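Single chain ahead, written as structure tokens, the form predicted on its own.
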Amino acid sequence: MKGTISVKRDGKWVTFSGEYEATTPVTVILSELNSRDPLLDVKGREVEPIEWECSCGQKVCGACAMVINGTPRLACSTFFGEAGPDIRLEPLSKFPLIADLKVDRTQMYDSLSEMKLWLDEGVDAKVRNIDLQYASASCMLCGCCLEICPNYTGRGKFFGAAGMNACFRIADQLDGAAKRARLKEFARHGDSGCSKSLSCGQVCPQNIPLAVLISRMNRDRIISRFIRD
């Protein structure tokens, strides 16, 4: 199947042509393009190889997240047959751009650190809602949920679904003051800035039930105002 692959570079589109099977993932297409020597666009001009990230190639690491035909997705699980024959690739816009399709996600990791989303040493963690815990833990921190979110900018105190999901996973294992401390972080950096558009759940590559997790946290936050363990 013949088609074109357009990559946004320095605010302009660079287009390449190729022929691929319907089952070819975008990651393989990008690798094939970069293997060409020289790499020529559709106008026959020689251009630099495409900068992008990929690690596992198996929908586990989240490194290959990018905007594909206007929607944030993982390149490794997006196939030519569904996205083609004309594919448009852009970098995630909510993170600082490094080059081409490669971005710096440091701000997301720093947000999780600011919310203190870890279990302190010696804390007696409880196993609850094991199915939701498991689903929450599948988060790859790819950033797709933040890219689609109308409220997340990367500059304010709202840390988006990535932060709220991680907060659920920790708070759900805690009781008492430790739990209330995480719920306070959820209120400050999550719920207070969320307009509940729930677009995050629609693009999550792992289909994490974000609406359910956010609702659980809201319920626990309200209950914590009246009950002290």
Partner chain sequence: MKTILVIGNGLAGMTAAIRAAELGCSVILAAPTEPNRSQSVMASGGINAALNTKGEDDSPAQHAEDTLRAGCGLADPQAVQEMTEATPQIIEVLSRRGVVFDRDQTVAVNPLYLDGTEKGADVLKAGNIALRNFGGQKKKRTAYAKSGIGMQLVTAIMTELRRYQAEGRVTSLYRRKFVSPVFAAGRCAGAVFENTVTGSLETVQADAVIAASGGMGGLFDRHTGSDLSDGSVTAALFAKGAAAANLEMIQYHPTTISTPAKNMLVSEAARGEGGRLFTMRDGKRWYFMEEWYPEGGNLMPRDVVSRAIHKVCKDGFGLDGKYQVGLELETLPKETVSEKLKEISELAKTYLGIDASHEFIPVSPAIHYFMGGLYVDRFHRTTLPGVYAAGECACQYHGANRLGANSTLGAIYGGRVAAETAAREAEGVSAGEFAKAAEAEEAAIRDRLSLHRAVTREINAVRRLKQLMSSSLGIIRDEAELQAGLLELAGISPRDVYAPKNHTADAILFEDKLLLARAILSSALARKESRGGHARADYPQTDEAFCKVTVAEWNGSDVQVRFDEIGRVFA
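Positions refer to the first chain, counted from 1. Every value quoted in this text rests on a predicted model; they were computed, and no experiment measured them.
There is another form of the same protein, the form predicted together with its partner chain; it is not shown, and what comes next is about it.
Discussion item. Its partner chain is absent from this chain, but in the predicted complex, do 31, 48 and 123 each have a non-hydrogen atom within 4.5 Å of it?
Written reply: Per the other structure, all of 31, 48 and 123 touch its partner chain.
Item to complete: Report whether the minimum heavy atom distance between residue 76 and its partner chain in the predicted complex is within 4.5 Å.
Response: Looking in the predicted complex, residue contacts with its partner chain include residue 76, since a heavy atom lies within 4.5 Å.
Fill in: Proximity of residue 189 to its partner chain in the predicted complex, heavy atoms at 4.5 Å
No, residue 189 sits far enough from its partner chain in the predicted complex that none of its heavy atoms falls within 4.5 Å.
Worksheet item: Contact between residue 104 and its partner chain in the predicted complex at 4.5 Å, heavy atoms?
Response: Within the cut-off, so yes.
Worksheet item: Can you check whether residue 57 is within 4.5 Å of its partner chain in the predicted complex, heavy atom basis?
Response: Although its partner chain is absent here, residue 57 would touch it in the predicted complex, with heavy atoms inside 4.5 Å.
Worksheet item: If we check its partner chain in the predicted complex, which of the residues in 177 to 191 reach within 4.5 angstroms of it by a non-hydrogen atom?
Response: Just 179.
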